[in-house]
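The data below hold one chain only, encoded as structure tokens and taken in the form predicted alone.
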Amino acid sequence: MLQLRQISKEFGVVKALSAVDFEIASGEVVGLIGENGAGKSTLMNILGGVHTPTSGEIFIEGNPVQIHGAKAAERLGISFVHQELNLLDNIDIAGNIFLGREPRTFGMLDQKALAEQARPILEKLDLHLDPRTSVSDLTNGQQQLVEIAKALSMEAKLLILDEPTSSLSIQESDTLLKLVSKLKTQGMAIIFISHRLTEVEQIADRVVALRDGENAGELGPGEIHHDSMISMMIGRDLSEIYPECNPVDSDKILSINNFSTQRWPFGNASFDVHAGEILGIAGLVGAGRSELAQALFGVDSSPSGDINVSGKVLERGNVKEAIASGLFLAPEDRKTSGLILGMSIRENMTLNSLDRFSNRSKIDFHSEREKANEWLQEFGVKAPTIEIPVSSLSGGNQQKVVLSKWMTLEPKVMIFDEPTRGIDMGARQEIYQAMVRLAETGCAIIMISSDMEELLGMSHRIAVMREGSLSGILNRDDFSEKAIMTLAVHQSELVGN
């Protein structure tokens, strides 16, 4: 269906792609993998008409084509569903599906015809919603399906899915993967880009890896395994992605009792976290995990419950007191809540601890730069200098900057909300190692994650939430995907200490 031959792309002196070959057949799912900066986005943006290749050839069904702009890509049957969804949340589902192609009667928008045209497309996706429902009322998973519905409405032959499950719950991800399999049987060619290699292993017929803008290898049926994909992506074998789970200290650092949140005022969460422990928190989207993190840190107020850090009871809804006690939060959305994108790496790294670099209200820039450069090395932030804007970094490097912000304050409790979302495997391993080093200092860690493999690989125990309440806690000997999903859906007797 599609063939790319010797595709190269240069941005000034930067060579993003070098003689890349790629092909896909109708009715085939090809997993495209690679670390951040490997060239995946550039290659797909060439297919989507965003970039024009510096050299190389593109063939659609055997015919040479040039793709100048997104409209040209659509006319060729190429539809690109980006990681950041391109929906208007102030209009309804049908309006989003047919945006710019709405049916009209006597020049006026025909709302009835618009809804009627959308219904069979939604049914094809098993999305049983009224087409007149506002997109703002949909879950992340439902919005993702609306994006795919747009592609079907344009009779796409090739569907590009870029990190389609990164913001979805376990249940929503499973629904999406089933849909991909269904579209494949209907003859659609699908390029599936994901850092969740378990999903790639589950869904892909073939896997193509890019590294440093070049082809790094290909895996066919029977060859697609977790370790082989990692080896292709990063050019070396990794016997263990997840660091060794070290013993936990007996001292309780954090205790919360009968805790509720604004979103779930009748919820109830009670648990302890020990020194050196990584407590994973699982649950479906909307279960109250991020709300719990925000309330513990004091960003949101809590209607009820007690927070105790190292024997001191904290006032609910007081961020200043949480920070003073050593309880910190690396938020889910690093770009809007964890960083100031217009500021430099140095400024972001030291923002939380400026008093340590100041003398009589004047910042000692020399010591500030020294510490920022030290963290740059310690966390492996890939940047030419600490003075470049943090917005210019990849997602993994941005997350490392978020972590470094708190380190000089010697955290007692660190909450990580989706610490590796949208981050490649190499950067993930570096963040995992940083988390383990932090735990080894005696810090108690709470790790909220929608990545099942991450939860099972990194946690000493896993607490599962449902509707704002703790449904149960699994000890390591009881870990399994089934046990987590059982607790996520309903309460169980399988509860640890």
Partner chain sequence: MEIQKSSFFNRYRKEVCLAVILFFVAFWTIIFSRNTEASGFLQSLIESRFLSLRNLENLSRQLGMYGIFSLGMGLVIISGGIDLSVGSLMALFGTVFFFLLTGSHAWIPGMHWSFAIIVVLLFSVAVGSLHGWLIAKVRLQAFIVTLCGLLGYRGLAQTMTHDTAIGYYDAKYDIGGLEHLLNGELLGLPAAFIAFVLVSGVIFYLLHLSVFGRYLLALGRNEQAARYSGVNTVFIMGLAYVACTLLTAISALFFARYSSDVTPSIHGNFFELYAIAGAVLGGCSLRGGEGTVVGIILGTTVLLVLQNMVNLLGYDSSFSKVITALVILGGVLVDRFEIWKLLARSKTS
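On a predicted model such as this, the values are computed, not experimentally measured, just so you know. Positions refer to the first chain, counted from 1.
Omitted from view is the form predicted together with the partner chain, to which the following refers.
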I'd like to check something about A94: if you look in the predicted complex, is any of its heavy atoms closer than or equal to 4.5 Å to a heavy atom of the partner chain?
no
- Message: At 4.5 Å between heavy atoms, is I323 in contact with the partner chain in the predicted complex?
- Response: yes
Although the partner chain is absent from this view, report whether E378 comes within 4.5 Å of it in the predicted complex, heavy atoms only.
no
If we define contact as a non-hydrogen atom of the residue within 4.5 angstroms of the partner, is W406 a contact of the partner chain in the predicted complex?
yes
Of 345-353, 242-250, 72-80, 215-223, the segment with heavy atoms within 4.5 Å of the partner chain in the predicted complex is residues 345-353
task = Give a yes or no on whether each residue among P331, S361 and S392 has a heavy atom within 4.5 Å of the partner chain in the predicted complex.
result = yes
Students should find that, of A113, L179, V319, V135, the residue having a non-hydrogen atom no more than 4.5 angstroms from the partner chain in the predicted complex is V319
The listed residue (N397, S153, S260, Q294) that reaches within 4.5 Å of the partner chain in the predicted complex by any heavy atom is Q294
In sequence order, the residues of 368-401 that place a heavy atom within 4.5 Å of the partner chain in the predicted complex are E368, P384, I388, S392
